[in-house]
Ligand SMILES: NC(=O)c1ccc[n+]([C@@H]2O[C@H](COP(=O)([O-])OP(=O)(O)OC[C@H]3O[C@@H](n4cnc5c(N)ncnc54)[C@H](OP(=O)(O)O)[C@@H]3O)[C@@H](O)[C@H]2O)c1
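Quick setup: one chain, the form predicted alone, written in structure tokens, and binding and motion questions come after.
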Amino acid sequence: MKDLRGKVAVITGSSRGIGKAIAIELAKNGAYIVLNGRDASRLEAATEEVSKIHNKVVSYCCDVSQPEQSEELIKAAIDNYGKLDILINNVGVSMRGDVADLKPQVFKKVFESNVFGSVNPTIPALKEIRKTKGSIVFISSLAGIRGLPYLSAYSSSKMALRAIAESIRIEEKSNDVHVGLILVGITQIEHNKETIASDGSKKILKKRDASKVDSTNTVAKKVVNNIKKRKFITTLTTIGKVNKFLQARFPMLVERIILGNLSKFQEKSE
């Protein structure tokens, strides 16, 4: 799939952030875009922005944590373009807090978004993507390499995505379906982006220093490259690659490193 012109791509959670950046990058490569989000006004603004690249852009406002709405999203793609080549499972939410302080609903909210929000559109999309020998890509995180302090629900949800991706990769090998897993590092966030606090309430994330994090555009280019080369796992940032290497071979060393830097993890969780 080196040439993405005319390929039909559904990107969940694409009204802002990484999802919108992926949609823009795919559009620049000539793909036909189906945007998705829950906020109608934000989704409309994203649609106008992506439409400036080319006019093969539609949007569908729905919540992919709900199975019926996910089916409608995939149906909208088929109704508009007649096929589906690419599904980017980008929807996700983060959280902060010690396990001892977490309300059980925090795990529920995170898994509904990060796991069910990926599984629900994938199930109806698979039969269509088999026809085109296309791609299903899961946007995961470096936090999915190992459990991290104050990110237990988030880390475990991202680990679950790897298991799902590995299962599909085996099951669909004979159908020539490409499965990609993107391990994203700390990335730029838009103003007023929210996370879930330990009591289940919404919490505004602090602004990140742009010089110390990846841009959404950088992440988007890596995702498109993963699709073109039909790679399985793409690990972003040098720290991420070192972490992945060490965790596979020296997990106790990684644990000692984390314990030695626990105050930094605590600071980032506040």
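Numbers follow the displayed sequence, beginning with 1. Given the structure is predicted, the values throughout are model-derived calculations rather than measurements.
The form predicted in complex with this ligand exists for this protein as well; it is not shown, and the discussion that follows is about that form.
- None of 193, 103, 169, 108 but one reaches within 4.5 angstroms of this ligand in the predicted complex through a heavy atom, and that residue is 193.
- Think of it this way: in the predicted complex, this ligand has a heavy atom of just one of 122, 135, 155, 188 within 4.5 Å, and the residue is 188.
- Look at 172-180, 87-95, 126-134, 74-82: in the predicted complex, residues with non-hydrogen atoms within 4.5 angstroms of this ligand sit in 87-95.
- Although this ligand is omitted here, in the predicted complex all of 39, 42 and 140 have a heavy atom within 4.5 Å of it.
- Contact annotation for residue 65: at least one heavy atom lies within 4.5 Å of this ligand in the predicted complex.
- Although the partner is absent here, residue 9 sits far enough away that none of its heavy atoms falls within 4.5 Å of this ligand in the predicted complex.
- Contacts to this ligand in the predicted complex (heavy atom within 4.5 Å) from stretch 242-258: none.
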